[in-house]
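The chain below stands alone and is given as structure tokens, in the form predicted on its own.
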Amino acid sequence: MGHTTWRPSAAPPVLRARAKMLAEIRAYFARAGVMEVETPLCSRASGTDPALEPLRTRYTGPGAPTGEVLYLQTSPEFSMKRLIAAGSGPIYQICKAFRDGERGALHNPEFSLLEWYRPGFDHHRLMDEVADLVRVVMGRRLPLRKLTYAEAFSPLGIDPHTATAADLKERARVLGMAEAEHLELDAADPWLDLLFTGYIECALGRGDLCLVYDYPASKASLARVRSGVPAVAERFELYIDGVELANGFHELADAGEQQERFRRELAQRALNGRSLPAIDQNLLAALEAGLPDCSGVAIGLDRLLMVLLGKPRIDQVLAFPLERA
């Protein structure tokens, strides 16, 4: 009996739709005067996000006779910011990214990413451009809806900026979420994540492009934090048909603050038993040299294609997912 895993899991019309999508994206940025760039897939450093685990490889050769660990990028963000700091102007990249331990209906450990950076844009202006690009690729003008993170939680009667872990656990229990019965989490953030992904997310972007913004400051990641009551992260995410497609930031440019965030995230990774990658000193040096005021965003292209074609599983839009690679 012959093996069938040599066959692609995406049908030929899907492969043609992917090629069309990529061509339309490149044409869009050509019209907008945004330059396409390429940066390395492998690096000596990696992001420190506690929720992500990088894939690793090993280089042995000139300069590393005993071998050196290299990380496959979870996103091209750090390298692209270095280009922006060096004066590249607006740039975009279509590339592969890699994340260990992620496999499912919406996840493959190797996936396609579109990322771009706009000097002079705040996150609101970039949100509008994200919506414009997605409408062009989809070929229809879906209405745009913008919600603050707090407004997204309003159907639950919760203020995510002030709710305690006990408040959130009780709300999860009332909603019948199984996690509320067996998880003991002392911080609010994990409960916010559970409620958002388990209850709120699925209703977002039904018949529209839904952009959620002004996240709690604790969820800033690489975004600026705007002071106020409450302080909020100048960050946004795009949802269509209940699927998260994009994550964007008004980019943090303070090298000292970025270094402190890296240290906090490494401490959290240690508590979670995750690997401890080296901090990217080249990024910190670029921020120290001066990153122009800018905003950036990443869009998962496989997920975007899923939404365009109405496919429920990522395998249906990949030529060769993990099991066929």
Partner chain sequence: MASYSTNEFKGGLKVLVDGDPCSIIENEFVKPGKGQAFNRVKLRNLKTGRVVERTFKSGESLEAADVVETELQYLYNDGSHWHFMDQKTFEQYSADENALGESAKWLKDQDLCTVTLWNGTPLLVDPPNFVVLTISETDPGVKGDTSGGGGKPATLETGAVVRVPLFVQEGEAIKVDTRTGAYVSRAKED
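Residue numbers count along the first chain shown, from 1. Keep in mind it's a predicted model, so treat the numbers as computed, not measured.
As for the form predicted together with the partner chain, it is not shown, yet the points below apply to it.
J.: Check Gly104 for me: does it contact the partner chain in the predicted bound form (non-hydrogen atoms, 4.5 angstroms)?
T.: Yes, Gly104 is a contact residue.
J.: Can any non-hydrogen atom of Leu52 be found within 4.5 angstroms of the partner chain in the predicted bound form?
T.: Judged by the heavy-atom cut-off of 4.5 Å, Leu52 is in contact with the partner chain in the predicted bound form.
J.: Would you check, heavy atoms only and a 4.5 Å threshold, whether Leu194 touches the partner chain in the predicted bound form?
T.: Contact check for Leu194: yes, within 4.5 Å of the partner chain in the predicted bound form.
J.: In the predicted bound form, does Ser221 have a heavy atom within 4.5 Å of the partner chain?
T.: Yes.
J.: Okay, which stretch from 226-234, 120-128, 175-183, 87-95 lines the partner chain in the predicted bound form, with non-hydrogen atoms inside 4.5 Å?
T.: Answer to the contact question: 175-183.
J.: Taking the partner chain in the predicted bound form, would Lys20, Trp116 and Asp132 all count as contacting it (heavy atom within 4.5 Å)?
T.: Result no, not one residue of the spot touches the partner chain.
J.: Which one of Asn247, Gln73, Ser112, Ser79 is close to the partner chain in the predicted bound form, taking close to mean a heavy atom within 4.5 Å?
T.: Result of the distance check: Asn247.
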